[in-house]
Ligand SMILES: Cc1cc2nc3c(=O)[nH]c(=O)nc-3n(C[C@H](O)[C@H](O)[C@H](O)COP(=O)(O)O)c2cc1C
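Below, in structure tokens: the form predicted on its own, a single chain.
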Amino acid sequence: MRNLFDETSIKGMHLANRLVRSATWEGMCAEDGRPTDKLAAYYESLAAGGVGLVISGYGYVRSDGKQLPGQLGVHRDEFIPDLRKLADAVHRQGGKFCVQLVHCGGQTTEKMSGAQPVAPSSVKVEQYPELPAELDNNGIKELTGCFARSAARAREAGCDAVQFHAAHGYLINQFLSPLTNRRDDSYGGNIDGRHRFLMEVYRAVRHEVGADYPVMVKINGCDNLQGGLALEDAVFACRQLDEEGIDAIEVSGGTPASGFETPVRQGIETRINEAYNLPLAYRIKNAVSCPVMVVGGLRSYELVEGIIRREEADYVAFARPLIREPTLPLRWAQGNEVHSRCISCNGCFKPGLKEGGIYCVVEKIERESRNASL
């Protein structure tokens, strides 16, 4: 019977358990995207807390793919030594480190990225802050190369794997979605065309890093948005990736325009609100042979243990619970199976904008209250 704390491997990458730190924005990098010692220390604390795989915050592969201040950059060769510091920090604590690669496409602004945003089609939709420019075929090929070169930097830096971001309304997801992809060329139309960019990115990355290096994807099982990517099309895309050798698929859902069904939902107060992407992940798991990770609203030990035991997914991934409590995996492993302390308020992201780094504001308030009472 499978167990949450099984030792496993993905393409030779040994993992101490089935717990994954899912990518999120930390706001801890320099203005140009260079990784900092602060970020390395943060990743080291996550690994020390017992999570088997740490996936970095979303790292942009070209400067115009940046969305938020302090976002990780993987677009320059001179950052390789700094990326190595991140990997070394995780390795010191016995963990494995994966770099997530992204281009935010139409979900950024000219002010943040330094250029007019680009997207599959020049359309104004709710998830775009401003009107993007449509990529031509040369621009698409150039961006494919940016993903591949960024993956090569991660491998050279000693990172254990890469994951490219095809979820949450970012550029690859924009190609997959009929809402944001209105093209009438070979990159548009039905899912055969709309998943072409996804496959070209995967093939370019695989060619660059080689057959022996773990390459993973994070993808929406559904955009939870009228006119967006639907589950059946996501299943089709995942099957194609699986047939070509993707090493693991992390399943998420939603975009910033998805109302109450965004990727980072609030109000996860009862078990019925947890694991909101599990039906999507389970559907994809039954369609592919590679390992499947599920992320989204996982808070209870009994729930995540059951997901693994019933083989509804192969790995469970967390972001906000590990912001509140980096030692959650270690606590569970030691037999303290109390529910995660995260209340899903999303307050952890506000300090990243104002103070140069995310942290749990509820934890800070409670700590200050305890200190004041002494």
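Residue indices: 1-based, along the sequence shown. No experiment lies behind these values; they were computed from the predicted model shown.
Beyond what is shown, the protein has a form predicted in complex with the named molecule; the following relates to that form.
Of the candidate stretches 320-328, 29-37, 44-52, 304-312, only 320-328 has residues whose heavy atoms lie within 4.5 Å of the named molecule in the predicted complex. 276 is the sole member of 187, 276, 236, 282 with a non-hydrogen atom within 4.5 Å of the named molecule in the predicted complex.
Think of it this way: in the predicted complex, the named molecule has a heavy atom of just one of 168, 96, 195, 153 within 4.5 Å, and the residue is 168. In the predicted complex, the named molecule stays beyond 4.5 Å of every heavy atom belonging to residue 103. Proximity of residue 348 to the named molecule in the predicted complex: non-hydrogen atoms within 4.5 Å are present. Contact between residue 57 and the named molecule in the predicted complex is found at the 4.5 Å heavy atom cutoff.
Within 4.5 Å of some heavy atom of the named molecule in the predicted complex lies at least one heavy atom of residue 299. With contact defined as any non-hydrogen atom lying within 4.5 angstroms of the named molecule in the predicted complex, the contacting residues in 260-274 are 263, 264, given in sequence order.
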